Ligand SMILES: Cc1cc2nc3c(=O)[nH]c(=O)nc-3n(C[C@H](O)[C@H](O)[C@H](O)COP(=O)(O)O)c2cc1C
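Before any questions on binding or motion, here is one chain by itself as structure tokens, the form predicted on its own.
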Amino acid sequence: MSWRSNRHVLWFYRHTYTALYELLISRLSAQRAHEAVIGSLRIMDRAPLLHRLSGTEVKALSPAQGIEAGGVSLSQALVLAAGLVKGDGFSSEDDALRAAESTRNIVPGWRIIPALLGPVEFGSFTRFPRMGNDGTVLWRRESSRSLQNRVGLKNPGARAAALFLGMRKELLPSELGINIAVSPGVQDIGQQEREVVESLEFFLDEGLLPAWFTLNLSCPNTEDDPLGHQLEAETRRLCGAFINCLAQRSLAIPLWVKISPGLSAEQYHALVRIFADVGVKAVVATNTLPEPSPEDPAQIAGLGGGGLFESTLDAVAHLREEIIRSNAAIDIVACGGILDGASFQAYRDLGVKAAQYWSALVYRGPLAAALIESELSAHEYEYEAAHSESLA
């Protein structure tokens, strides 16, 4: 379907979701709304017919065209970022493994989200399970269409997640990324390296070969590592160990690396040089921006959505500058405040081909990617029409 033939359906959807958001979703706290979504995902994962129908309908509405980015062939330029499909928290690995082997769905959304949204990144998964932070951990900033969180990398741990997904690998989509995070609070680089490699090996041992892996070197949303800044030597060692592990198994799965916002130009330039040296295929720019939480200025919570846009745009500009200067074979996957066609176009103007989104899922609903792509297509159509008229 062209953007002109589906625009009426998307127009109806946009206004319907806007009304639903104003009447219902916005009246719930961000945390209650998120918990309701997770509960719904557990139910929808068990509905195979819904998976088939949703995928067919979304593909019919989307004007997206296939692209190549980060060593991956994608059916659309917009990928759901890590953070939604990452699973339950557990206090011990034994508990997580027992749950994974039971009938419990410990990674809600694993089946319905890819069917509904297309390309998606699962995780982040740490080596060991994490319960996450207590209390209120999610907030919305309506004025800037932003989200803020201090979830704290809640997840079942890489071993249990790999076991759970491995038991279902025949049902997993091809356009899947798996995000592995460095364990917050671990200061010893040797331990960091061991944990990252062990996490990767758990997925590989289960026969899970995603389209790409992402190494998350930045998570500001935890109590034990609120800043998450990268150090050059550690970045080189961790990325090198990850790629060496894949090479030892003769696997050509590309590695993407997710980094922090708010670094200096020199830091971004150094990261590009490291990534080029070790063979990273894409840099995901960026994770959320550390800011005081709305409830307690002493607590750090990561800001995403519209409030992150300018910081991420700045990071992308610095990364692009060094990529061009050094002729590095690295793609940038933008991640920060992509809420509409105009914000995506701002990244495309900097050479970005693919992007990740999360806040748009809240503010624009499950067809957010189709809406953004449609707005982008409409912008391009109008530009081409105006250009043709000027030539005539």
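The shown structure was predicted, so the numbers you read here are calculated from the model rather than taken from an experiment. For every residue, the number given is its place in the sequence shown, counted from 1.
Although not depicted, the form predicted in complex with this ligand is the subject of the following passage.
J.: Closest heavy atom of residue 287 to this ligand in the model of the complex, within 4.5 Å or not?
T.: Yes, residue 287 sits close enough to this ligand in the model of the complex that at least one of its heavy atoms falls within 4.5 Å.
J.: So in the model of the complex, does any heavy atom of residue 81 sit within 4.5 Å of this ligand?
T.: Yes.
J.: Is residue 189 close enough to this ligand in the model of the complex to count, meaning some heavy atom within 4.5 Å?
T.: No.
J.: Just checking whether residue 357 would be counted as a contact of this ligand in the model of the complex - the rule being heavy atoms within 4.5 angstroms.
T.: Residue 357 belongs to the contact set for this ligand.
J.: Exactly one of 87, 129, 304, 177 has a non-hydrogen atom within 4.5 Å of this ligand in the model of the complex; which residue is it?
T.: Residue within 4.5 Å of the partner: 304.
J.: Quick one: from 265, 246, 138, 317, grab the residue that has a heavy atom within 4.5 Å of this ligand in the model of the complex.
T.: Contact residue from the list: 138.
J.: Want to guess which of 201-209, 166-174, 94-102, 287-295 is within 4.5 Å of this ligand in the model of the complex, heavy atoms only?
T.: Within 4.5 Å of the partner lies stretch 287-295.
J.: Counting only heavy atoms, which residues in 149-175 are within 4.5 Å of this ligand in the model of the complex?
T.: Heavy-atom contacts within 4.5 Å come from 149, 151, 153.
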